[in-house]
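Starting off, we have a lone chain in the form predicted on its own, written out as structure tokens.
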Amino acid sequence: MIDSPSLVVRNIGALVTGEMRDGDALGVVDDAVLVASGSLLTYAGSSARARFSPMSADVVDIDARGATVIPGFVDAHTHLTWLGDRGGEYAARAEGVTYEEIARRGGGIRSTVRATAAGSVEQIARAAAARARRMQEHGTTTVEVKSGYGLELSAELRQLDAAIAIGDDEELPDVIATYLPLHAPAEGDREALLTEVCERGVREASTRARFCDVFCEEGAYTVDECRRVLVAARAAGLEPKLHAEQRTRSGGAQLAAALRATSADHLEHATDDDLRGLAVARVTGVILPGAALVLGGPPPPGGRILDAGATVAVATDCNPGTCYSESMPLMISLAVAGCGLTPAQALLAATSGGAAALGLRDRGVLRAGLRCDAVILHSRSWLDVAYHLGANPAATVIRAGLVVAGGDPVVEDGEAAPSRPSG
């Protein structure tokens, strides 16, 4: 008997638990129910086996009306906290101007640094909150947010403070903050920047962030520079992540493996040996298909990461220059269309894979004892998340047991889909 539920989702046509069951990687349970008490799931399984006490008037009772329910998306790589606009660069790239040439002209990441570094915490948080809200409306319940558009320490910390402010809002996704001090190339004294990051930056960021990330790339920062910062970051209590092998083969993936980083992200130019190294070191490979599409480079190696034996995650890389998108469903579609993943693999990469890329063991799957982060779809088929290209599949979004987005949708066949929850 399950006592004192605070939320019940019943009449679920298919519940995607995200755990292997009887050879089914998605762990789909037909005719299912979800029950939560507070922020945690107390039951996720067959309706026939569910037993809970009579519901009081204040219980949120949701009739899924035969729709599918999936875990909330975990977007493990974003740059949400920016100010400014780079639409002109998007048009320039369409006319044949390269990413590198735009950077030489003073555009690219440096353009966003100038705009963001001038903003207050409140200004940055307000702009980022609007993006986070759109993410949530598309089913994202947890989002990683990086700094990286400050360069100077106080500006970087303002970005982290803005990310924390978003995470403190119960009506927005949960936020995991990441300090990204090595992003835009240093304009001034490079050694002075590295020294400040290693001696002050990582220490002050450790009170705000969980991870430290670096951009290991030709024209950005070298393997030795990245290693120096990440070693200092770990000593300060921050776990390492890397932007690796995005534009060239830089050696970032091998560094991620050597440091046993939580994740290595992008990986378009990683070799099979690089990916096997990640697998041995248990480093999650995060693919960012939207950014690869916009930049016109090789496709991210989603299928090859799995073939190498590593865990794969899919994320948006939401940023103003190379992937202005808040939609995890679109990234799932792109991962299937161009990155060698099946629809089931891509859905897992966007949920449990994203959780692995953030070192989170309390979400990404739907199981009693874990967070109640779930999405009721408009559809009766989980395949529509990838198949319905560019659509928003989320009818109702539940984060930590609270309904944070939802409406009164109707599925395409004209039958009623999940209604607005009562309570």
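Because the structure is predicted, anything quoted here is derived from the model rather than measured. Start at 1 with the first residue shown and count on from there.
Just so you know, the form predicted in complex with ligand NIG exists too; it's not on screen, but the next bit is about it.
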| item | value |
| --- | --- |
| 4.5 Å heavy atom contact, Gln246 and ligand NIG in the predicted bound form | yes |
| In the predicted bound form, Pro320 touching ligand NIG (heavy atom, 4.5 Å) | yes |
| Partner contact for Tyr99 in the predicted bound form: ligand NIG, 4.5 angstroms, heavy atom | yes |
| 4.5 Å heavy atom contact, Phe215 to ligand NIG in the predicted bound form | yes |
| Candidate stretches 150-158, 75-83, 252-260, 270-278, one within 4.5 Å of ligand NIG in the predicted bound form by heavy atom | 75-83 |
| Residue (of Ile166, Cys339, Ala177, Ile109) lying close to ligand NIG in the predicted bound form, criterion heavy atoms within 4.5 Å | Ile109 |
| Single option in Arg304, His138, His183, Arg131 placed near ligand NIG in the predicted bound form, where near means a heavy atom within 4.5 Å | His183 |
| Sequence-ordered residues of 260-277 touching ligand NIG in the predicted bound form, heavy atom within 4.5 Å | His266 |
